[in-house]
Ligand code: GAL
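The chain below stands alone and is given as structure tokens, in the form predicted alone.
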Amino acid sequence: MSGKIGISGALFLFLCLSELFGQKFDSIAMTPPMGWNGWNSFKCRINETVIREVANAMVTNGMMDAGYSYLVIDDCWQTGRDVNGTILADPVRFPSGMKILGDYIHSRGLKFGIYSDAGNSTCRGRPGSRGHELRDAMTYATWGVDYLKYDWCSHGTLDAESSYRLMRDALYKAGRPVVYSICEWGKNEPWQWGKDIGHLWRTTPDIINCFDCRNIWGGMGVLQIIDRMADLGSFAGPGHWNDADMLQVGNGNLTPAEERLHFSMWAMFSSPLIAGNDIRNMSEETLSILTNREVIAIDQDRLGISATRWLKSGDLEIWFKPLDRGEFAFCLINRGSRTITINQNLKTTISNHYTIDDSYVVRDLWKHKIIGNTSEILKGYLCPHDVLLISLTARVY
């Protein structure tokens, strides 16, 4: 008897002990993760050249400096497994291999993210991690992976919570801290059980590149996702986030106003900000939206409190978010097709907990200028599908 334990024996032992010793990595993702994922714009057309070019673009166009740190390779990078069960990258699309590609991403000052699935196969029919959780986690660790998006296709009769817990435990045993993204589309209410398993969890089906629509396969537009997020804020906080899905900013179907509204509300929800456009070739207007540091600061506020819908009057909605240092944010959105007149007193007591008096300066975070103070009535016009995002900070006398 050799004394060596085979992978099946090691996996069996791991499964037996995981409930006793498994946990997620703490003290990471204390603010919502920011980065880029190519699925929305590339789908399965991803390859090593694109990833290297995107990494370079994130550094040179200011996105990395604005906080975007994770570069995540989504589905279709994998083709099979070797005789030992180790996952294999597509040798045509990724000829250098994932370790060398990950090293390049790290050399640019970014973090390396990858994709797998809890089922037998991924959503595009590539090998999933079911039955290979520990081996995959250890392989990712040797590649230097910092972020795992874990999908929910081909899961059969598997239990979601147990399946995601199994990969969590495998990642922890592999020993490399990894941000763990639960992507089961909100089917099993992951906000109820995800806090101790993952660092973020999708709350909805996939986002569609439209403002107000619903796809036959269940995808959601921007407004539909906003409505789904409305009642989930209490489940999120530092280290465990509601994920409203990747951004559609810069992908062509949304107007500039709709893109600002989309980005503003993701920031108000403290959702991860994962760009999904081709950042190698984007307009200055798109770049200015994605790198608006005043809006990003709302998303990255260290309190991590998700916005609540404070007022709804027809197509006008006003969302409220407490911020660090006793500051606040309000986001006014126009869901409709007609211009709305704004005539709003911001002095109020909200939920008998937050009192706003006349001592605050009001700043427009898209125009980057002070537009008044809370001793005055907030007045103006809000065009169709547009947004007014403001912060309230202490007045300097």
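From a predicted model like this one, the values you see are computed outputs, not experimental measurements. One-based numbering along the sequence shown.
One more form of this protein, predicted together with the ligand, exists but is not displayed; see below.
Peer 1: Since the chain is shown here on its own, which stretch among 297-305, 79-87, 202-210, 140-148 would lie within 4.5 Å of the ligand in the model of the complex, judged by heavy atoms?
Peer 2: Correct option: 202-210.
Peer 1: Only one of 317, 258, 327, 75 has a non-hydrogen atom within 4.5 angstroms of the ligand in the model of the complex; which is it?
Peer 2: That would be 75.
Peer 1: Using heavy atoms only and a 4.5 Å cut-off, determine which of 279, 232, 123, 254 is in contact with the ligand in the model of the complex.
Peer 2: Here the answer is residue option 123.
Peer 1: Mark residue 191 yes when one of its heavy atoms lies within 4.5 Å of a heavy atom of the ligand in the model of the complex, and no otherwise.
Peer 2: Outside the cut-off, so no.
Peer 1: Report whether the minimum heavy atom distance between residue 115 and the ligand in the model of the complex is within 4.5 Å.
Peer 2: Yes, residue 115 sits close enough to the ligand in the model of the complex that at least one of its heavy atoms falls within 4.5 Å.
Peer 1: Do residue 39 and the ligand come within 4.5 Å of each other in the model of the complex, heavy atoms counted?
Peer 2: The answer is yes: residue 39 has a heavy atom within 4.5 Å of the ligand.
Peer 1: May I ask you to check whether residue 171 falls inside a 4.5 Å heavy atom distance of the ligand in the model of the complex?
Peer 2: So residue 171 does not count as contacting the ligand.
Peer 1: Given a 4.5 Å distance limit between heavy atoms, list every residue of 179-200 close to the ligand in the model of the complex, or none if there are none.
Peer 2: Sequence-ordered list: 183, 185.
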